[in-house]
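One chain comes next, on its own, written out as structure tokens in the form predicted on its own.
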């Protein structure tokens, strides 16, 4: 990779352009090579999607090459870039690309060197207009990252068919678990005012292959399903459609009562069935390519089929039946647990849903979080992943950092996503990773899906923290191809977002790749989980008690004088028994259990000897302090990169890293002081002593944390 010629510090930016900056190529030989290879562009554009592709090519090449590239109707010279389908492009139709187009499928593409009109050129071909657009963005990504164009031949198709963002956005523009301002959707002004930001949102998603967006919160009411709001949804769908993006909505199970005036929402009631069928007709009349419904039911107080003595399959099939004739799907969330159920919360979704495998209609996804509790900094993979071979399973991950420092902490999440995707379920023997469950290849499902809880908002840089957009980018890249590496994605994003100088990219990528493990260490090492502050989940709260047990920290860490951790072995709740062999035997064995999930599966003596030779207590002290030290190293690494980053973004990240370092120490001190009350053991003298008392930390209160409703004093 060529190193750009040294120049003055970059001009300050606000981050709005995300990874689609299209700054001039800073390495003169590479710029010259690109100019020679790209002398004109041909995109015959009979559709809005191909028009979008042509517009993107024009914008990008003018920026990257420093001069506009002529957009022409047909190839007239060497160095032509031609994009289209065999049906839309006369030049593409004349090329023999069948060997590539067949595996490309409906959304994939071929990028290749070709003889076009007897001249050397580059072809971007696909079977559909949307595939062409994805191919264009892939090609432009290569230019942005200074990849050579010699011997170019790429065939790429998405591993997962439905690649979606789920916005937990409310109609009042607040965002549950949102840390970057208010909702992007200005419902008050829709459908008459279409913000230019909607198009830029669509461009960003299409550039990484995201093809669906759920506009509303999983806890939303029924108002979004009324005609007054459906016309607003239709206006957004019109903006997103050229970019290959379908809109989805969350469906409140009691909508027939709240929006339809019925007396029941019983999924087997003929009147309820008819209401949902009529509602589907209304939606598809406004939005012909509507994607479907996402449903949270009978969980955390939300209504659902259990209220009528029916099963989850009954509820999902009700909606699926209404959508099936239109091609829509139901994403039925598996995040179900009940405070009245005294069984381990980690077991409840499996116990409830696994017996219903095969009971769901063909157009129903069961949408499963990556772990069995709730988007923790580290969890074992969800036991349902691999346990329901007759049901398409959609993986749900959280891009927004609800439990990972919100938009204040720099935590790169590709390693977390990869950890889940690469985890072996053993459901069909060794070599049965979650990725193959989710992409449908393991069980032969035609439907496949992955959804991420979005981290976007109204702040100018979209995601709050200047590095948080990397997690949006990483989600899209991994949903397209789960074989991609965390390292490769980080480097791509850095080159596109900041610049290609190797002196910057290497250290910055290393910083990103270390950040998730650092957060685990200063928050929840060795399998600790759900010890955050109550409600807003910002900062430590291992002492949280009172109210429903499964919303307290004590429920999860179970610290006492003997040790700490949740016994999920056969001698405890036996949550380990929900996994396939040999994983269940491995995690049930104290000596064999991976230490990163040790306290998830075992209640362990404070004096237990770890692999390091340290006792469990000393290992906890080491991990917490190592997490703090890692953030301080991140600060030093970032400071050394000042000359490669524009002042505005550099200072923004620098300030947030300072906050992160302070709060990592807060986590360490508060947690060690709390757990010390049970262990009775000293913090080893080589570590910094806590800055304050346990009483001080327990009395800290945060009242207006973003992403949650107001917390009242007291």
Ligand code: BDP
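Residue numbers count along the first chain shown, from 1. Please read all numbers here as calculations on a predicted model, not as lab measurements.
Below, we turn to the form predicted together with this ligand, even though it does not appear here.
Proximity of residue 169 to this ligand in the model of the complex: non-hydrogen atoms within 4.5 Å are absent; the residue sits far from the partner.
This ligand in the model of the complex comes within 4.5 Å of a heavy atom belonging to residue 333.
This ligand is not drawn, but in the model of the complex it has no heavy atom within 4.5 Å of residue 102. In the model of the complex, residue 282 stays away from this ligand, with no heavy atom inside 4.5 Å. Here the chain stands alone, but in the model of the complex its contact with this ligand, taken as any heavy atom within 4.5 Å, falls in 217-225 among 114-122, 439-447, 636-644, 217-225.
The partner is absent here; in the model of the complex, the one residue of 159, 296, 347, 603 having a heavy atom within 4.5 Å of this ligand is 296. Listed residues 596, 307, 514, 300 were compared with this ligand in the model of the complex; 300 is the one with a heavy atom within 4.5 Å. Residues 369, 374, 375 of 361-382 are found to place at least one heavy atom within 4.5 Å of this ligand in the model of the complex.
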